[in-house]
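Take a look at this one chain, the form predicted alone, written out in structure tokens.
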Amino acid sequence: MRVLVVGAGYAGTTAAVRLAGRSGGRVEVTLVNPRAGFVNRLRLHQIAVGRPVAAPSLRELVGTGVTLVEGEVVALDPDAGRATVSGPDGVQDVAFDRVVLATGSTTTVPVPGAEHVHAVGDLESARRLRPALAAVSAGADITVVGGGFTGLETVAELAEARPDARVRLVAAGEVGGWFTPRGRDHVQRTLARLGVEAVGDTRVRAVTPDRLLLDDGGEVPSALTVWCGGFAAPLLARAAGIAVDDRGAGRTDASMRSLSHPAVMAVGDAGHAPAPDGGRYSMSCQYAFPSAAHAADLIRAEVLGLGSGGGLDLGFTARCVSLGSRHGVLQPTDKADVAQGRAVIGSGAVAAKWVQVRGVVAAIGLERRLPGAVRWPHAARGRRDAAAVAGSGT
């Protein structure tokens, strides 16, 4: 069977190496990615401020069992089983029997003035932000929009990098409100110590070159605006006629298989599979690894005649957020990814984040050497193991 994996982030690389390593030579795996280096998405906000971040070679990471093609899938025909790839070596067609969409997600700006904002949702955006940040004059206003994990990590990083600027966070809800009280209070205190002005319960209706216009009629001055307020999948699936949700993610059943095209599977941020409670799994590396591994296992079972397999059963365990280089919060969650229990702050949270950002790369290498090594905690049984720790940062 010819299997094409589109995208080599956490999900795509995991799916490729797991399938290649467990299929007994019965599957040809081709992995297409726009660049030859692996991007550790958890560290994009650090790239944006100029901190050194390693980019491991994808060829070394996936090994010889996977055919790596550097380029971008510019057209996909799931019915004909063909993809058009444009890359350094020109344009080529890649035939497939099954395709795994692992294209991740990018930042979306759903208000007028998107051309005036920067982002950290992908490598190119993070790289463009770096010189823009350096060009901001002392005393100027820098604003991050979005109070989720990406927004919190980004605003803290910017505040550390530019203590001479006025840094502000604008969030639709309470800043740090997702955490339990101990974690929320630590987030708010840490941002205050970093000099960040936190503006909660506020929505942006438009962006201009030098300010934000708010829903309540107010304005916020901003010489540099970084948008972290929402993410969506690339247009590839929608353009191919594959069923997608309002964020462009491929709609699938619980087995990661497309509702409209049986030969298509969608994993990580590129897929929308139903969680056990009927909702959607949270977009995170904690979902990317299990969804990719599960998809690979189902394709393997199909090829080897081992049955159709069941749906993904994933239970979340914790979330870890960095707040600059010296602070963070490790927040336990229930299996549905709702914050609960006592948050860990201080050095313990910083150490957990250190493990997480390095563990995601190590987990892929482990999966290549020991196919089937990636496991995950289940919503039904609550089982945990070492690979789940690497994926969640707990």
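All values derive from a computational prediction rather than experimental measurement. In this text, residue numbers run from 1 along the sequence as written.
The following text describes the form predicted together with a small molecule, which does not appear among the structures shown.
Of the candidate stretches 208 to 216, 72 to 80, 131 to 139, 298 to 306, only 72 to 80 has residues whose heavy atoms lie within 4.5 Å of the small molecule in the predicted complex.
The small molecule is not shown here, but in the predicted complex it comes within 4.5 Å of a heavy atom of Cys320. Contact annotation for Val17: none of its heavy atoms lies within 4.5 Å of the small molecule in the predicted complex. In the predicted complex, at least one heavy atom of Val32 sits within 4.5 Å of a heavy atom of the small molecule. Looking at Thr225, you'd find every heavy atom of it more than 4.5 angstroms from the small molecule in the predicted complex. The contact with the small molecule in the predicted complex, taken as any heavy atom within 4.5 Å, belongs to Leu44 out of Leu44, Ala363, Ala343, Ala352.
Distance criterion of 4.5 Å from any heavy atom to the small molecule in the predicted complex singles out Thr150 from the list Ser258, Thr150, Thr143, Thr190.
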